[in-house]
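Form predicted on its own, single chain, as structure tokens, below.
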């Protein structure tokens, strides 16, 4: 056999062996952000990104995606919550996407921005109604044992809370929206006094 052809064939075999394992992986891929404890795929990361952008959309100010709040949410849940909360987050994430699929026939990531907003508004409305029913049941019966919140509500509450926290502590917010002053702040000698205090 020609030595050049043999080397070429050997290179093709080795190259195929290197590429082959990636062909067997699922199509969902890995998330962009590196996480130590939370195991999610790229689709789930996109769902969190799209949900955060729905909660805090881009207007005349940057949205959640532009500020990187989606990555902040995942890092906070990965680094600052326990396994129980991380498991609740993952279970809720799955339920959230299944609820969108059930309502619209497609995943949350495939919805238009208007559909995502309508879905989230409806979700909040349902959660408020459930909360009001529970409150009424507790008032009617002091021994009433409240039901555990749906995993979907837990997931949504975590994403919404971290979106607001991420935005209000972001560099953009602290430098462009709120001008931070070190405590105790500046001395204002021109403050008007209405009434003279006498001893």
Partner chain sequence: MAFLNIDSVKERTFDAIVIGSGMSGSWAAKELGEKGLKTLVLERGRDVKHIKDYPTTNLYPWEFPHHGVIPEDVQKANPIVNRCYAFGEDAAHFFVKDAEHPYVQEKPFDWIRGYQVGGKSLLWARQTQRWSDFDFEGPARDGFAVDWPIRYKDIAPWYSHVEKFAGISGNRDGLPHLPDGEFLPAFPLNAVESYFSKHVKTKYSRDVISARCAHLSKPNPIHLQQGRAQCQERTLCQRGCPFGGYFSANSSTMPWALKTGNVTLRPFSVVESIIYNEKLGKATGVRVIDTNTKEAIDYHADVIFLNAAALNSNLVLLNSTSNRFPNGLGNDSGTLGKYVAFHNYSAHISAEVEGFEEWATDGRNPAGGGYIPRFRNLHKQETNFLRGYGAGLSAYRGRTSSGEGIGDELKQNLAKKDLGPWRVGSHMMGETIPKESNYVALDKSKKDPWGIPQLKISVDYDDNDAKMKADYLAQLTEMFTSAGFKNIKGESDHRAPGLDIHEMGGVRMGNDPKTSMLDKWHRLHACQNVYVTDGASMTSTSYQNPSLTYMAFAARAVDHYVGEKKKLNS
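Every value quoted in this text rests on a predicted model; they were computed, and no experiment measured them. Numbering follows the first chain given and starts at 1.
There is also a form predicted in complex with the partner chain; it is not shown, and the following applies to it.
Practice item. May I ask you to state whether residue 106 is within 4.5 Å of the partner chain in the predicted complex, using heavy atom distances? Key: Residue-level check for residue 106: no, no contact with the partner chain.
Check your understanding: Does residue 132 reach the partner chain in the predicted complex if we count a contact as any heavy atom within 4.5 Å?
Key -> Heavy-atom contact with the partner chain at 4.5 Å: absent for residue 132.
**Study point:** Distance check, residue 111 to the partner chain in the predicted complex, heavy atom within 4.5 Å
**Key:** Judged by the heavy-atom cut-off of 4.5 Å, residue 111 is well away from the partner chain in the predicted complex.
Check your understanding: Quick one: is residue 75 in contact with the partner chain in the predicted complex, heavy atoms, 4.5 Å cut-off?
Key -> Output for residue 75 is yes: heavy atoms within 4.5 Å of the partner chain.
Review point. Does anything in 163-177 come within 4.5 Å of the partner chain in the predicted complex by heavy atoms, and if so which residues, in order?
Key: 164, 165, 166, 167, 168, 169, 170, 171, 173, 174, 175, 177, in sequence order.
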